[in-house]
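The form predicted alone is given below as one chain in structure tokens.
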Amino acid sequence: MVTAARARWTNWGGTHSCSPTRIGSPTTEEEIADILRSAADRGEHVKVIGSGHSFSDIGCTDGCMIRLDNYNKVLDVDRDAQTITAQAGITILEVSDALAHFGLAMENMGDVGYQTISGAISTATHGTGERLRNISSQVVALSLVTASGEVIRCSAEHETETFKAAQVSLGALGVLSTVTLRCVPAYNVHSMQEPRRIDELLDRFDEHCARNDHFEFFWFPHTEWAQAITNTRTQDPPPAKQRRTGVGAYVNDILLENHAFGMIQRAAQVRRQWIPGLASITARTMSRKEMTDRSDRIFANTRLVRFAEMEYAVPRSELIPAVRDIRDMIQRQGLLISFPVEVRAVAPDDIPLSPACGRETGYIAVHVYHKFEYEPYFREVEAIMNAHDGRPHWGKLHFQTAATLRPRYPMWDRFIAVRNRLDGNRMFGNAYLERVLGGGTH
């Protein structure tokens, strides 16, 4: 189904918006192909959006927008092979729910459960854990609808170059239609959250990562405190006390913290000079929480406070020095930062445009309340990331260009060759892709 549209589309964070000429909402692969053939006849650009949780303008278009909300069915779950095949508009939580019925789970996931699987793999969305790779690395096969309406079925064994490029494609190659993910036997996660001093966490970060399946922390600028999160995989059921009280108490804690954090952000909006004091209040009110539940219920968090975000992947050896540089920069510049800084580690992979390609990787994410300007802070952080050989998360805000990015990705030219072959006329191009990949064929 295609409807004419000049209504304004805005992403979740409110950082970018656009007015597509029309919006397609396909329910079948053939409908996707029909939309693309029509767009080619019209000379239109085409962009696909999922949940709109990317903070960059990666999904914006002045042409045809394809929404995959109605293209979200599970097609097959193979318990023996431990795989799931689904239409690309399915969300991560929908995948997890489907797998749970078969005693399976995703290997790892990020903390935004309503993100579509196509958006997650196209931007190299990742979870946490130094021995665990990003979601794109869990893809074992996919189908891609190209600008001509052709459907390419590919995997590591078939159409290998296209497959590797499509694992993190930025939407530059075509429309992801179906995705097959490698899964694992279902597991629970024992989650522990507790306030810790930031210096101790920085000094012992490698130790914490090595000892735990998943370890990360959120440091609150203007304080000496961070919230450390340790998630351990287990087959143990929730403890008896938790089973008696249910998950409601835990969920209510999270919702209350969201509301309290939102109130602090609104107070900071009234008077920015209050931010250091408000940060101290936040640090003092952090509490210890312990919970065991199904993996996806632990990993996926509720987001009630909107924000803008920048996230960078740096070589693991550069992670802690980069965090220390950010701390020093905030103090030196006198910036007033009301959102925490998130720090975690992931395993390397072999995907050309993955920020973790070819190296042990640490991630640093910085955030700004959506009512505040983000550019001054983000540009200072990006300068530090540049000095530490950082690669930006494709779905988060950054100021890089193709010229600055190409030297950071050893397999950059392999990706561009696939793009030139599949979309030489740049039907799937937009301002973002022109900026970060380059506009013409080369």
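Worth saying up front: this structure is predicted, and the values here are computed from it rather than measured. Sequential numbering from 1, following the sequence displayed.
As for the form predicted in complex with a small molecule, it is not shown, yet the points below apply to it.
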{"query": "Listed residue (Val343, Ala165, Ala124, Ala226) with a non-hydrogen atom within 4.5 angstroms of the small molecule in the predicted complex", "finding": "Ala124"}
{"query": "In the predicted complex, the one of Ser118, Ser338, Ser354, Thr361 near the small molecule [non-hydrogen atom within 4.5 angstroms]", "finding": "Ser118"}
{"query": "Contact of Arg303 with the small molecule in the predicted complex (heavy atom, 4.5 Å)", "finding": "yes"}
{"query": "Close approach of Thr61 to the small molecule in the predicted complex, 4.5 Å, heavy atom", "finding": "no"}
{"query": "Exercise: Asp111 in contact with the small molecule in the predicted complex, heavy atom 4.5 Å", "finding": "yes"}
{"query": "Contact label in the predicted complex: Glu311 to the small molecule, heavy atom within 4.5 Å", "finding": "yes"}
{"query": "Among 148-156, 280-288, 259-267, 174-182, the region lying within 4.5 Å of the small molecule in the predicted complex by heavy atom distance", "finding": "174-182"}
